[in-house]
Each structure stands twice: as C-alpha cells, then as structure tokens.
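The chain below stands alone and is given as structure tokens, in the form predicted on its own.
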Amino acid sequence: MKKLHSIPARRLLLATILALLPATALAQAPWQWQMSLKIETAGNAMYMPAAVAFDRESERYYAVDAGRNRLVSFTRDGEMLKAFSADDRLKAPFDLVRLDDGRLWVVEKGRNSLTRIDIGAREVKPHILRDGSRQVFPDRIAQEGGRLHVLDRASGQVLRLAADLNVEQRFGSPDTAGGLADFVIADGSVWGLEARAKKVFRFRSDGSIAQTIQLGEQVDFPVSLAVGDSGLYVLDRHQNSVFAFSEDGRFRYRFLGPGHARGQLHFPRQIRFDPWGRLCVVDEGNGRVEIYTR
C-alpha cells in the first residue's frame, strides 16, 4: 500500500514545486507596478489597445485604442487627456509614432495604410506603401534619425523608408520562414523578434545581421520585444508574462502572470520602454497599458 500511495504523493510534491516557481521568479524581478493608463468611465473604456507611443517633449503617452478606432493621450503621470478619433476617420489603427514637428504617423490596418495626421490642420492623409511592384502591409512602426521604419507583415521584414516613403533598406533573415513579429530601434540598431524560431536579431544599418540571439525554451509564444540597458525583454502572449534575458540570450527571470488584477495580464499585445526608463506593457484583454519602474 505504501508503494501505491507514493506515486500520487510525488506528483503532489512536484505540483507544489512547480506552483512555487512563478512566485520565485516574480520575487527576483526588480520591476514594480507604478500606474495604469486606462479610461475609467463606464462604457468608454479602451477596447483592445494595440500599442503605446511617447512624446518626450510634452511628456505624454499615446495609446492606440484599436477596438474603438481612436488614439488616447495621457500625461506622464497617467492622467487621461483626450480621446482622438480624427472625426471618426481612423480605420482600425494599430501603431503610431509622433514626430518632432507634432505630426503623427499611424498604421491603419483597416486601410493597410501608413496615415499621416496633422492634428492642428485637421488633416488625415493615408498612404499605400509599395516595395517595388508589391504592396506593403504595415504592422509596426518606429522612427530613428528622421527615417520611418515599418514592419511589413506580408514579407516579415522591417523596411526603412526614405523621405518620399520609398523603401531604401530592408532588415530580415533569410534563415527563418516565419518572418519578424516585432522590432524596436535601440542603440542605433534595428532589433527584430522572430516568434516561430524564438530568435532575436540585431541588424546593422546596411541590413546585415550583426548578432543572432536564441531565446530559451521558457518562452512559448513571443509577440513583442523591448531592449534596455539591462538586456532584452520578451512578451509572451500565451503565458501572459514578461521574460527577461541578457543580451546574449541567457534567461534571467520572468514576471507578471494571467488574470485581471494589478500585475496580471490578459492577452497582452506589446512591450516598450518609455523615454524615462519605465517598462510599458499593452494589456489588450484588460483594456489598459500597465507601467512598471525599477
């Protein structure tokens, strides 16, 4: 009888150990919740936010509220300022950047366009991008040195655009069939996340690969990437967690988990560092952007 009961006992012990692992990883994480960017008004909450962007000069956040076809601005302290729908002309916005002159470039999936918005002039001008004879399907956007960079979800490549929006450089890996799922620009380099192979690439300005980083098996379904002074951060949509790695791919810790309370995520979409060193997690399922500090 003792032998028969020993197997369930061992299983119970193993389950207890596994249950304690996330808590241990959480205790090692240096990040602390600071605030949430969200709309408290009943019936007006953000629905499926897809991205967060920043205005360093005026110290503002912009959340892309994809489900309600609008952009929502917040102060650096998290106070909601304005919801902007461009007179209901936005069609499924997904990402944006703000230029120094105040104009916004918005990825609109409803039009498959890169749309320029001049709020002062009340101008909304969609642009359909092409790479030679092929149409570009914008997904993510960033800007560096006055140049826009767009992730084309059709080719899985990051495209650097000239001033006339023509493609002047491509960033991608011929060794991965899945293409890039996300990218950021940090330390003068383009960093791309390949979700299927669980790899991160650092590209030189000429499009060649300077570094390939293989992520560990801890990550299940990586969807977004952030690069900071302390290494790489990968957002796992299935596990509702953020995984931290060194720049050579060594796993360090994970934090956050599934749920709806503070410090929990429900189908998160994006992770980014803001200009003030804070880590921002776009929590699509919970309709908010969670912000963490060290």
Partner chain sequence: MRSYKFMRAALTAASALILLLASQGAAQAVMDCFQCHERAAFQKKVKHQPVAAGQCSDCHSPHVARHDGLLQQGVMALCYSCHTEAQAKHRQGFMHQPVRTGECLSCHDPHASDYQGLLSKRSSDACFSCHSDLPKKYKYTHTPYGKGECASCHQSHQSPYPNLLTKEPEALCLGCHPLQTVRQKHANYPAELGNCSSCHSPHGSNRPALVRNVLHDPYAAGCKDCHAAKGAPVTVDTCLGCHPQVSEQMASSHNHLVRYGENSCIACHSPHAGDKARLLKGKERHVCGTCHEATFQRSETAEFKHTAHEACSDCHAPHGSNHPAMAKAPINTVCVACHVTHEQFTHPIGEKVFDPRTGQMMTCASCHTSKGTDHRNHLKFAGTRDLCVQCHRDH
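Positions refer to the first chain, counted from 1. Predicted, not measured: the structure shown is a model, and the values here were computed from it.
One more form of this protein exists, namely the form predicted together with its partner chain; it is left out here, but the text below deals with it.
Remark: all three candidate residues (Met48, Arg134 and Gly178) come within 4.5 Å of its partner chain in the predicted bound form, counting heavy atoms only. Only one of the listed residues (Arg103, Arg204, Lys109, Arg89) places a non-hydrogen atom within 4.5 angstroms of its partner chain in the predicted bound form, and that residue is Lys109. The listed set Val167, Leu99, Ala154, Ile185 contains one residue whose heavy atoms approach its partner chain in the predicted bound form to within 4.5 Å, identified as Ala154. Not displayed here, its partner chain is approached by Arg237 to within 4.5 Å at the level of heavy atoms in the predicted bound form. Contact annotation for Phe94: at least one heavy atom lies within 4.5 Å of its partner chain in the predicted bound form. Its partner chain in the predicted bound form is approached by Phe267, whose closest heavy atom lies within 4.5 angstroms of it. Although the partner is absent here, Lys38 lies within 4.5 Å of its partner chain in the predicted bound form, judged by heavy atoms.
Here the chain stands alone, but in the predicted bound form its contact with its partner chain, taken as any heavy atom within 4.5 Å, falls in 146-154 among 146-154, 116-124, 159-167, 72-80. Taking a 4.5 Å heavy atom cutoff to its partner chain in the predicted bound form, the contacting residues in 202-236 are Asp220, Phe221.
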